[in-house]
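What follows is a single chain, given as structure tokens, in the form predicted alone.
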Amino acid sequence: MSKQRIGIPRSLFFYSYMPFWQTFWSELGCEAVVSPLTNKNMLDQGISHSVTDLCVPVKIFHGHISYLISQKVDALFIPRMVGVGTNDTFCPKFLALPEMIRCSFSSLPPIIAPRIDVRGPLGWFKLCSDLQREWVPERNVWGAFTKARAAQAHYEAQLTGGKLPHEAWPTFRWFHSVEQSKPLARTPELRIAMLGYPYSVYDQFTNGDVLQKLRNLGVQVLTAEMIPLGKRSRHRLRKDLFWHYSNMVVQAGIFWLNQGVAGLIHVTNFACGPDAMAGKLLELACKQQGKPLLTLTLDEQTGQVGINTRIEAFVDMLQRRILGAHNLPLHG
């Protein structure tokens, strides 16, 4: 009997929970088919299957779905992300993702669309039990669940240890087609926090591979996922924002500013409503501490040349500030 092939798009929830779901489905005897790295063809496919006013990450998600359909997977895994144990929720596009995909494609394999609104291990176990009973009733859920939790815990420990997703979990690994240039030596070493939603920060096609560019410039890059949840939540606002990833970005920004980073880079997406508030709060936090902020707004037309120029200028400005030029503006 051949394995059931579950298609998992490399987008949106992928960068936060991929180790859990890949391990879970694999341990249940399924084949987890992960779509490849985002590329121009996927973006074009996503644009052709989605409505105009969607943000670019959701259009890219459509592109990944189109790829998985072409691979003739037996089912698509598109969870409805509602809550993960914190007092906030995900943006409306996450909440309506299964329906959005059903309306965007004329022919689809079955969609596995669990409602993920869980608190604690028991909530996750009940969710996994429901999935196992519906999709793989002949297998036992306990072993798959415990191994999935262990994989996710290992992944998060690697991130808080300072690694990036592609260094912490093999599925995230990306390969560069050109040889990387030797990082520039900078004295003292610049520490810059790069903040944004994980599917924008870690998708190198969407952001022009900013992470690697910064490393090539000799910068130590810090992200929100490198902060343990307990430490990050100590930097909550007097009143939390409504959206999960927005809270994560703002709390991480305040945390890294208190840790003495040279500046912040906020990666945001054009027409992202929740991110507009997060960006303003980051701007105010930077002004209070006299630290520069660079905002990179991405859409499907964003060119790499423009990103490169802004990144290099921002890094040069920070270097000159460290060397004593304190009369420079706060914004790159």
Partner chain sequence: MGNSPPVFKQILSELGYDVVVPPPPSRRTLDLGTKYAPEFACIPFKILLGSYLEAIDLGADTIISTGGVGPCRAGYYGELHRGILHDLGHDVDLIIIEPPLKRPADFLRAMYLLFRERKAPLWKLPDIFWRAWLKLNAIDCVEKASHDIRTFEIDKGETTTVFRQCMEILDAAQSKIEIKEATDASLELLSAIPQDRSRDPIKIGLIGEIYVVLEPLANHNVQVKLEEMGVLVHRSIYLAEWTQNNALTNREYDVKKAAEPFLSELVGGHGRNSIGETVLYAQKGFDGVIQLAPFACIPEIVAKSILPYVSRKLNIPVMTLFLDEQTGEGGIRTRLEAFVDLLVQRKKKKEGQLACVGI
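Numbering follows the first chain given and starts at 1. As the structure is a prediction and not an experimental result, all values here were calculated from the model.
The same protein also has a form predicted in complex with the partner chain, omitted here; what follows describes it.
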property	result
Contacting member of 99, 74, 167, 156, with respect to the partner chain in the model of the complex [4.5 Å, heavy atom]	99
Partner-contacting position among 32, 43, 286, 54 - heavy atom within 4.5 Å of the partner chain in the model of the complex	54
Distance check, residue 215 to the partner chain in the model of the complex, heavy atom within 4.5 Å	no
Residue 37: touches the partner chain in the model of the complex, heavy atom cutoff 4.5 angstroms	no
Residue 115 within 4.5 Å of the partner chain in the model of the complex, heavy atoms	yes
The partner chain contact in the model of the complex: residue 234, any heavy atom under 4.5 Å	no
Listed range touching the partner chain, judged in the model of the complex by heavy atoms within 4.5 Å, from 66-74, 273-281, 22-30, 259-267	273-281
